[in-house]
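For reference, the chain that follows is the form predicted on its own, supplied as structure tokens.
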Amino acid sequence: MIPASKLKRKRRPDSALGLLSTPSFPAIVGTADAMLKAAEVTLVGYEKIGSGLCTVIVRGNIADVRLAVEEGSRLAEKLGQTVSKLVIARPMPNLEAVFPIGSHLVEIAQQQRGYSRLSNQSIGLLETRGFPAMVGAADAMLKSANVQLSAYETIGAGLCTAMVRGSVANVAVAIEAGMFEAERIGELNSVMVIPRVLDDLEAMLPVASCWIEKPLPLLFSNRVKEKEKELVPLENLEQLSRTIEQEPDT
């Protein structure tokens, strides 16, 4: 049952939802980057639906969302990776309650994930069809340039993407070396290099747990150790009363 509070949420009159689908993970990351840099939109995330298809989701006012989707579509078409695109003006609250399209998901993702030591670096994505080709390409990239393997992603249909981080020059050299190795082992499907990753996109990209630094919780003892009190010996009350009775009145 959908909570009534979610269904009755007020809609902004100028709000819009933009979706763009591609058959490649590097392509969806590249189009998401282009959309964020083209207009004032918020990246909600990306959805993997199998068979190698991915959909990037953005939100904002109607004009900005239209501009962002057109810019992302232009890049996807240039890469030969466009599947479909959609702009929904004033989406119904029921959509947000059911589909993963709410803008609040960005805040949740940022809260759940700690700081990555690879943030604020260029990123290179290399996608292959077949896991061995991706692993071999990743090894070649690490050996050819000063880059770090940050994570990998699978989207179905045998498509795997290795992600490396480093300076722009090192990432470019690494991607080139990885391409040759991927083609030697199996099938190279797609590559992408993004020199500057925006914060919204940074928060959505997968990062291996070894690169995540989460603040350690502060440990406080619930029990406060009190200083032991010294016991004061009491006089024998019975003896004291007899002494008082025996004293003469003054």
Partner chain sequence: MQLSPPQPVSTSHFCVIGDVTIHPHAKIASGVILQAAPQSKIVIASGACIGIGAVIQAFEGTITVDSNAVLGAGVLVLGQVTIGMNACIGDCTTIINTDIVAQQVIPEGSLMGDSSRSTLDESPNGSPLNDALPSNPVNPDWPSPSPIPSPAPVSSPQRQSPVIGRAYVTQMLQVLFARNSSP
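Numbering follows the first chain given and starts at 1. Predicted, not measured: the structure shown is a model, and the values here were computed from it.
The form predicted in complex with its partner chain exists for this protein as well; it is not shown, and the discussion that follows is about that form.
- Of the residues V98, I88, V83, A169, just one reaches its partner chain in the predicted complex with a heavy atom at 4.5 Å or closer; this is A169.
- When you look in the predicted complex, the only residue of C54, L43, V65, M192 with a non-hydrogen atom within 4.5 Å of its partner chain is M192.
- Shown here without its partner, the chain carries S24, L79 and E187, all of which come within 4.5 Å of its partner chain in the predicted complex through at least one heavy atom.
- Partner contacts here mean any heavy atom within 4.5 Å of its partner chain in the predicted complex, and among 88-96, 147-155, 131-139, 175-183 they occur only in 175-183.
- Taking the partner from elsewhere, L118 is found to have every heavy atom lying beyond 4.5 Å of its partner chain in the predicted complex.
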